[in-house]
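Next up: a single chain in structure tokens, the form predicted alone.
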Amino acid sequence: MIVGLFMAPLLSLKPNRLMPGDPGYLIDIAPLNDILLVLSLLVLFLIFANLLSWNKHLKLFMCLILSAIFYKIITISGDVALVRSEADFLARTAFTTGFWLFVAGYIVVMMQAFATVIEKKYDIKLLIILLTIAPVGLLFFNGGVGEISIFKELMSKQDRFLLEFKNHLLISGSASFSAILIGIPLGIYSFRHQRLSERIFGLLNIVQTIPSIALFGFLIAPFAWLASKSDFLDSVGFSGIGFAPAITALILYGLLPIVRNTYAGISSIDPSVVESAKGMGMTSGQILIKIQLPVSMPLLMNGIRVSFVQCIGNTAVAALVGAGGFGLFIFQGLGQSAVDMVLLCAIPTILLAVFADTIMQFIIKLTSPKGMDYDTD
């Protein structure tokens, strides 16, 4: 954090959207009183971090000090961007190395501090997300950071951003739900047919080794051929590009964690428990529904969690086959060398994955049998 604040540029002062900019260090862009305020808060934070670390509740106060520094840095950046925009409407002010170093350190320190106060990891993640996003969101809606380059990109593409956000959720959600419907029965089948399980896992492992871009590309030709041979498929929009190959590829990628964890969860049950159930006259279906699935539920849900988070990230690549999603802006930004356009959707993709992971951890906790301490790590 100290390196980010005082040894690296916080902002990139660019003449326009695409041109490289001059570095903007905190000492150069901020008034003296703001610099002194940041220094004072930082010294106070270090005092609390070193002298009062024995008291876990005082760490909360330490985190509030750190949040105040973060809020002040955002405010300074917004003021600089506003002044430059008023002087030249083409000028762009973008966050750069120092700011991202500070944010990285900020998140790490906050998570370490809260870990000693809050036992539930999903609560910590939600709290960190809130404390990171809330100051930026508050200032943005009040007009404080609206002139920062990444937010100007958002305002200029607001309608399309919302559309691709919906597409991203639709694609990743549909693929994850389909992977669950296929993966759980396939995991059960693998457990009951041990000879075939090696072949099933072998095929799924091969799919995982194929680069995502290559797999999306491989599906274009066969899907286009199927659409040309079937009027029904063509009428419902099935083609070599778009949602069909994107969702299919994501389903294939999402199967392994679900199948593997379903298989492992059922395999971990003591065989004597199953034998006892058979001795009581329970059928194989009753044993599966009343014993095997409930006991293996935490491990099974963890597989779904991994698959879901992986699917959200891989959905960004789906834009290469015309499916849309946040990847559309990411690849456009890469093609135009517009870093802010890349960040505009790369950051929400990361936040979506973290949020999904947090929610799934909460669900795993709820679905775990009482007395069973299950760690999702």
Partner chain sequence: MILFKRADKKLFLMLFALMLFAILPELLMPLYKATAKIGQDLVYSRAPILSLLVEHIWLTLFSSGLSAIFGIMLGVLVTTKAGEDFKQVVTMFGSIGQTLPPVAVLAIAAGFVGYGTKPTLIALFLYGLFPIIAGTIAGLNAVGRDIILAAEGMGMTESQIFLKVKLPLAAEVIIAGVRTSVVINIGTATIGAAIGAGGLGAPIMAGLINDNFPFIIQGGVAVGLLAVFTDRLISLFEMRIRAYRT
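Residue numbers count along the first chain shown, from 1. Model, not experiment: these values are computed from the prediction.
One more form of this protein exists, namely the form predicted together with its partner chain; it is left out here, but the text below deals with it.
For the chain shown alone, F114 is a contact residue for its partner chain in the predicted bound form, at least one non-hydrogen atom being within 4.5 angstroms. Contact annotation: P31 falls outside 4.5 Å of its partner chain in the predicted bound form, judged by heavy atom distances. At least one heavy atom of F331 is located within 4.5 Å of its partner chain in the predicted bound form.
Taking the partner from elsewhere, G137 is found to have every heavy atom lying beyond 4.5 Å of its partner chain in the predicted bound form.
Checked against its partner chain in the predicted bound form, the residues L44, C63, I69, L343 give one hit for a heavy atom within 4.5 Å, which is L343. Residues of 192-207 that come within 4.5 Å of its partner chain in the predicted bound form, judged by any heavy atom, are N205, I206 in sequence order.
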